[in-house]
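Here's a solo chain for you in structure tokens, the form predicted on its own.
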Amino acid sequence: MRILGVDPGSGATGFGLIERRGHTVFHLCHGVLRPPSSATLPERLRFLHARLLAIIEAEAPRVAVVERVFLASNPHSALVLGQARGALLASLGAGGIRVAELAARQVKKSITGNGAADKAQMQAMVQRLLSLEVAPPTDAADALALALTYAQAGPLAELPVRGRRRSRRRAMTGLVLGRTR
């Protein structure tokens, strides 16, 4: 299964493509899409849409994984990021690609074991997990991390939950804390 990770941004969008064959994951390609800095927002969005669509057509991924929306402290930045993300999602839709979304914290925890890992930690672990000679750029590393996380647990995360969930507290009601019997 080919999995495309996409880390959206209006100035730099990372992408990374891996293939899972059985229990083994292979790196296929990665990169960063950078619209011209002098371009207007509509031109940047068109650039991102067209480039990602070209990658989809050339590489034929089965599923794409995009970082879930987060709250930003700057409303203008959040709006621009949302517009870039929308252009990228439109490309994935036009390519007929199924889209999964993962939270950044979930991806960081999956890749490094730490939900608050920094960019350098993510780059190093992605390089190690994919046996890359050189660490990928940060945006591409984040995209590869999205794809790797999905390759490891994505199908499990999509399974329907049956029955009633038991909270940890409810499951521990029969225990007496601090004592041994």
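What you are looking at is a predicted structure, and each value in this text was computed from that prediction instead of being measured. The first residue of the shown sequence is 1; numbering continues from there.
There is another form of the same protein, the form predicted together with a further copy of the same chain; it is not shown, and what comes next is about it.
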Legend entry - in the predicted complex, the one of K119, R46, R128, R34 near a further copy of the same chain [non-hydrogen atom within 4.5 angstroms]: R46
Legend entry - Partner-facing stretch of 36-44, 143-151, 129-137, 108-116, counted where any non-hydrogen atom is within 4.5 angstroms of a further copy of the same chain in the predicted complex: 36-44
Legend entry - Candidate spot V69, L89 and V99, all three touching a further copy of the same chain in the predicted complex (heavy atom, 4.5 Å): yes
Legend entry - Close approach of A78 to a further copy of the same chain in the predicted complex, 4.5 Å, heavy atom: yes
Inset, instruction - Tell me, yes or no, whether A94 is in contact with a further copy of the same chain in the predicted complex, where a contact means a heavy atom of each within 4.5 Å. - result: yes
